[in-house]
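Below sits a lone chain in structure tokens, taken as the form predicted alone.
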């Protein structure tokens, strides 16, 4: 299966976003996802990024971007200012996990989160072989990784329950970006390399 810009989670996210919606992309990198959503879905998008080079690249991509540190919160944004707040493959790099999820659902009606699943069978096999995993979804060596959290689908869903967050939809993908079709959560946890969740909260 061919995926948009080589990122299967982009296809999932785009399917959850309605044309014309307001989207905030946190840790947006060079703005590739936002540009795709603007071009394909006609969204009104804003990105937040801390890295200087990525900020410049996003500006060149025509993205409305704010340079900022997610760890400091989203105080510059009003409550419910966006329809969707996206955190794509970034949750594992932030230290204040609960804080950023709360802030996402303060400034947005929905939060969309994607992250690599540490319980994916190839990752577990790598650890059993005595090595930290390196894969398409965990592409860094242990010594240069920006990741500060390593967690699984079940860990994340437990956190959502603890925080009172509602999982509206989820899409679990294998390393090739194809959907994992299982009914048992533990099987999905073993076979899924990348997870994408659509969250809301009780109002």
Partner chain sequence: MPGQSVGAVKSQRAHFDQPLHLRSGGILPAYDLVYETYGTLNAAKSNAILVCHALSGHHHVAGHYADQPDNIGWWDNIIGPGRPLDTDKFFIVGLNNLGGCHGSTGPSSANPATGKPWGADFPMVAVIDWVHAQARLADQLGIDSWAAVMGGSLGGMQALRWSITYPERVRNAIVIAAAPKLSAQNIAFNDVARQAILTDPDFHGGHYYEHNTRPLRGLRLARMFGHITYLSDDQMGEKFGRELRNSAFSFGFGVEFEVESYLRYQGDKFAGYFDANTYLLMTKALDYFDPSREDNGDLKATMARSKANFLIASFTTDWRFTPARSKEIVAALLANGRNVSYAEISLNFGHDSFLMDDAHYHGVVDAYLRNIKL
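Numbering follows the first chain given and starts at 1. What you see is a predicted model; the values in this text were computed from it and never measured.
What comes next is about the form predicted together with its partner chain, which does not appear here.
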query	finding
Listed residue (134, 56, 166, 163) with a non-hydrogen atom within 4.5 angstroms of its partner chain in the predicted complex	56
One residue of 146, 62, 139, 42 in contact with its partner chain, assessed in the predicted complex (non-hydrogen atom, 4.5 angstroms)	62
Interface membership of residue 46, its partner chain in the predicted complex, 4.5 Å heavy atom rule	yes
Proximity of residue 154 to its partner chain in the predicted complex, heavy atoms at 4.5 Å	no
Any non-hydrogen atom of residue 159 within 4.5 angstroms of its partner chain in the predicted complex	no
In the predicted complex, residue 121 touching its partner chain (heavy atom, 4.5 Å)	no
Candidate stretches 126-134, 90-98, 111-119, 71-79, one within 4.5 Å of its partner chain in the predicted complex by heavy atom	71-79
